[in-house]
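Just one chain follows, in the form predicted on its own, and it is written as structure tokens.
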Amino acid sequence: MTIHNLYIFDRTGTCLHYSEWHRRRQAGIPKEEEFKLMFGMLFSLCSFVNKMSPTDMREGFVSFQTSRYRLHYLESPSGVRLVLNTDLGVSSARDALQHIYSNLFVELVVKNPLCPPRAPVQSELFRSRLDAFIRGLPFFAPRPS
């Protein structure tokens, strides 16, 4: 099991933070374009899931998988969206995303007066604590080739 990358978007689609760990293949396009494509896909997928659901969904869209990876998704009440891409061995990263949002992002970015709202995260403390948290997860280790 392994973790490939993490995106954090604000409600308007601005990528506030991006990290990667075991990403083996790059998209072949500039990062800004990749961020726009990822946010657009998430926006469309969430809208589609909400419209097609036969019941009122409390959680809404939480993940999807392809033949190669699983995308885990968390949207906060304030509209911050977290996306964690893992291999297929990780069945749920919901608790990890909730911890990243509540204990790292809110505490070290939102409550930090030196971090301007709706701007890419520049906090080195946030980056180092996030990296330590991700590396400490039981599903962090790279998958054997």
Partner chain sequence: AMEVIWWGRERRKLSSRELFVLTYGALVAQLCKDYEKDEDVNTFLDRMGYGIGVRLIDDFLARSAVKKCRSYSETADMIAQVAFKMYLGVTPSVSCSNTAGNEFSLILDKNPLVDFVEELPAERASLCYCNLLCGVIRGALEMVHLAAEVTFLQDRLKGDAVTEIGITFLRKAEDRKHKRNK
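All values reported here derive from a predicted model rather than from experimental measurement. Residue numbers count along the first chain shown, from 1.
Keep in mind the form predicted in complex with its partner chain is missing from the figure; the text below concerns it.
message = Quick one: Gln65, Leu71 and Ser92 and its partner chain in the predicted complex, is every residue within 4.5 Å by at least one heavy atom?
response = None of them does, since no heavy atom lies within 4.5 Å of the partner.
query = Closest heavy atom of Arg135 to its partner chain in the predicted complex, within 4.5 Å or not?
reply = Because no heavy atom of Arg135 falls inside 4.5 Å of its partner chain in the predicted complex, the answer is no.
key: Contact label in the predicted complex: Phe39 to its partner chain, heavy atom within 4.5 Å   = Because no heavy atom of Phe39 falls inside 4.5 Å of its partner chain in the predicted complex, the answer is no.
ask   = Is the gap between Glu107 and its partner chain in the predicted complex 4.5 Å or less for some heavy atom pair?
value = Heavy-atom contact with its partner chain at 4.5 Å: present for Glu107.
key: its partner chain contact at Pro77 in the predicted complex, heavy atom, 4.5 Å   = Taking the distances in the predicted complex, the answer for Pro77 is yes, it comes within 4.5 Å of its partner chain.
inquiry  = Just to confirm, with a 4.5 Å cut-off on non-hydrogen atoms, which of Gln26, Ser53, Ser44, Ser102 contacts its partner chain in the predicted complex?
reply    = It is Ser102 that has a heavy atom within 4.5 Å of the partner.
ask   = Which residues, if any, of 106 to 140 lie within 4.5 Å of its partner chain in the predicted complex when only heavy atoms count?
value = Contacting residues: Val106, Glu107, Val109, Val110, Lys111, Asn112, Pro113, Cys115, Pro116, Pro117.
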